[in-house]
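The form predicted on its own is given below as one chain in structure tokens.
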């Protein structure tokens, strides 16, 4: 038994970097993370906090774990969206998001696997190359249907048909989730309005595989290398991504894998650039007071706060009212890090709390540039019995640039199913 424990501890310790081993010892136990953790607000267990997880991890890596420590670490580690708030408020700036992801990998390597719903989705990504278990041939159908319905100025061609200056990477959610396909349609239309020459990969577009990294799957480096090889072979130079999770994956998780010659941009930053250059012109008034929700993967993880706000600020008539928690301190909606799969009831409470915070501003709507946050917040509005609408940032810009391509019209004409609240998701 002792040999098994030593072996497990050795595997956990060897699965962490030297810096991370120092970090788990460096926690000063100050408790600052308790005041800010969005999970701890709804489930007040010590192991849900960064301090608690670090304490359990310290014991398990030092060959001193008890059954309670192991159970506590597993509960806390997967009841976590890895939002990064604890990193921002930590007095010694322990890189907790990276540590939690690496710890999950280390635990799996030591024989302590992920929760079953996460394992199922990871297997789906490896088998189908998308997180929806759908045929890859369906991935680019949104573009074909949008052209046929009259929502695009011209057909969107695949990279094989027309290599371009920009590759638009729609991601699994906007490609396969029908309630979110208007995000891809509006992204393509906005790029066309600005005269951007772009293509999509269509059936060749892979899942970015970042969820493998988030949930501790050892296959991530090999999967990322395969995707990188494909992008290099196709001579892609600029990738514009409309999913905050895909952006974090390709921009950060692929660091050291994706060559520096390939630039990865989030759509909001690219749209801001197009507006500043005068290529995209918001002209119609959108008389609305909105509050902006910072996605964790775009904000805390990637440092992109101002570009989305500049895009909204360029829209005539639109007014932004900030929530109490915004920017680096923005409260997580709970949709990241595999939390929704492991603890769906907890994720819903987190989104509902964020909706209540948005309501407190007096704003007429919530706006976010992340389709995953959009889904979570829309479900949170239902859980909070709120009538506050949730919009994708694209919708606000579309209403100012070409109002006839609004979400409701796309959903009605393409006969898309309703969103999480029984209404169109945007």
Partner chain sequence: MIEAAYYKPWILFWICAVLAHGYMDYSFWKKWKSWKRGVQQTSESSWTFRTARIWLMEVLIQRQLLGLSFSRWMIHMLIFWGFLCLAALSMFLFILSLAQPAGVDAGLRDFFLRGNGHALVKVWGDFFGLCLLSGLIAACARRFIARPHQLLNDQGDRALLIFLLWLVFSGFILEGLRLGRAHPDIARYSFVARFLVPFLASGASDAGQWLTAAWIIHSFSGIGLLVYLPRSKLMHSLLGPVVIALNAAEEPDRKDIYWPRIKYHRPTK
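What you are looking at is a predicted structure, and each value in this text was computed from that prediction instead of being measured. Positions refer to the first chain, counted from 1.
The next section is about a form of this same protein that is not shown, the form predicted in complex with its partner chain.
When contacts are judged by a 4.5 Å heavy atom cut-off, residue 326 counts as touching its partner chain in the predicted bound form.
For residue 95, a non-hydrogen atom is located within 4.5 Å of its partner chain in the predicted bound form, even though that partner is not displayed. Contact annotation for residue 61: at least one heavy atom lies within 4.5 Å of its partner chain in the predicted bound form.
A residue is said to contact a partner when one of its heavy atoms sits within 4.5 Å of a partner heavy atom; residue 46 meets this definition for its partner chain in the predicted bound form.
Checking 354, 301, 214, 343 against its partner chain in the predicted bound form, a heavy atom within 4.5 Å turns up for just one residue: 301.
Site annotation in the predicted bound form: the residue of 286, 274, 89, 264 reaching within 4.5 Å of its partner chain with a heavy atom is 89. Contact annotation: its partner chain lies within 4.5 Å of heavy atoms from the stretch 80-88 in the predicted bound form, the single such stretch among 136-144, 80-88, 156-164, 110-118. Residues of 27-42 lying near its partner chain in the predicted bound form, listed in sequence order, are 27, 28, 29, 30, 31, 32, 34, 35, 36, 40, the criterion being any heavy atom within 4.5 Å.
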